[in-house]
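In the block that follows, a single chain appears as structure tokens, in the form predicted alone.
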């Protein structure tokens, strides 16, 4: 239903905010997109790595990501997508172990045959769960120990959980792991014989440019470098106050920023709303991106189950993307997920770069400093909302706030999914449709 255009301010210019803004404009609203950073794109934005340009954080597309594949088709980029099989590795006991096929799994030396059977049964059981709500009631550690056994948990699951959640794994529910397994099994449920990984020529810079062009064509006003200080009600209208004192009045405001930011810029929310927003536990990420003059092991992802590494895995992007894109060199991402109180946030980029390189040289002893062509360190604090116990009832932010005309659409509303672009697009589509239904109801009631 297209409605008489009301003015809508969308705060947050990541993929989520951009997509929400586009859908609301297509519904007939006059939309202004406000982003505090110098450019839009958020976590998907590109960066220069030496003389190459690629994504600031590592991203991958799955052929089963129907919302993302649908967006590529909508933007005319489907022909620019490339899909391929990739290899997966594990690093344990100081050695690399391939885990790209059933045969690799059968040969995997870090577990006994019985332990591998329990691990496989755990994954298969989780893949068949259709309603994850009961899993919110059980801690992920207890659930995994029950299904996989203590040694499989200690040897395999615990290092992987810590790599993503740090010590926050202790407060995560089993629904967190279910979401990861469900995405990995999405290809089978969609009828594909195997999962394929993909990328678009130029990386997410290409997708963001096309999406920005579509926003412009739809009449969306985009303002980068517009930091929101406060959202309040003035004369029965939501008003956004920007840094520097400028104010912008809208009929409605949609906040796509993380929960701590919502709480900070909306002091007029009720205490119960502030408590709910502050109950969301976020993980952040510090990610090293290294451009190397030589390849590594050829695995797209290497999961690390040995202790003492300053990163949680190795993403060799050029096992997916043609190295010619980077002048024949190898692009590697080294992510480290951190809790909000982790001491790593206080360390500077040079410290992290040295730590990352030392960890990489531990895995690849013949890697030398002169092989590093360029290296960056990127940070983001409020990235992943941890699915804690009773998350949906205690933490999940509702769409509507107590401030009339002010709404929240953010990634903390992804209760049973993993944080990736496809889930973000699914959330944007779902909530944009919910807003359309609510606002059309209001218009009918007013008439």
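Because the structure is a prediction, the values reported are computed rather than measured. Residue numbers count along the first chain shown, from 1.
From this point on, the text means the form predicted in complex with a small molecule, which you will not see here.
Which among 171-179, 340-348, 94-102, 222-230 is in contact with the small molecule in the predicted complex, heavy atoms within 4.5 angstroms?
-> The contacting stretch is 222-230.
Listed residue that, although the small molecule is not shown, lies within 4.5 Å of it in the predicted complex (heavy atoms), from 257, 207, 254, 331 = Of the candidates 257, 207, 254, 331, 257 is the one lying within 4.5 Å of the small molecule in the predicted complex.
Of 71, 135, 266, 285, the one that lies within 4.5 Å of the small molecule in the predicted complex (heavy atoms) | Exactly one residue meets the criterion: 285.
In the predicted complex, do 16, 42 and 261 all reach within 4.5 Å of the small molecule through at least one heavy atom apiece?
-> All three within 4.5 Å in the predicted complex.
Should residue 60 be counted as a contact of the small molecule in the predicted complex, where contact means heavy atoms within 4.5 Å?
-> Judged by the heavy-atom cut-off of 4.5 Å, residue 60 is in contact with the small molecule in the predicted complex.
Closest heavy atom of residue 385 to the small molecule in the predicted complex, within 4.5 Å or not?
-> No, residue 385 sits far enough from the small molecule in the predicted complex that none of its heavy atoms falls within 4.5 Å.
Heavy atoms within 4.5 Å of the small molecule in the predicted complex: does residue 399 have any?
-> Heavy-atom contact with the small molecule at 4.5 Å: absent for residue 399.
Contact flag, residue 34 vs the small molecule in the predicted complex, heavy atom cut 4.5 Å = Yes - in the predicted complex, heavy atoms of residue 34 and the small molecule come within 4.5 Å of each other.
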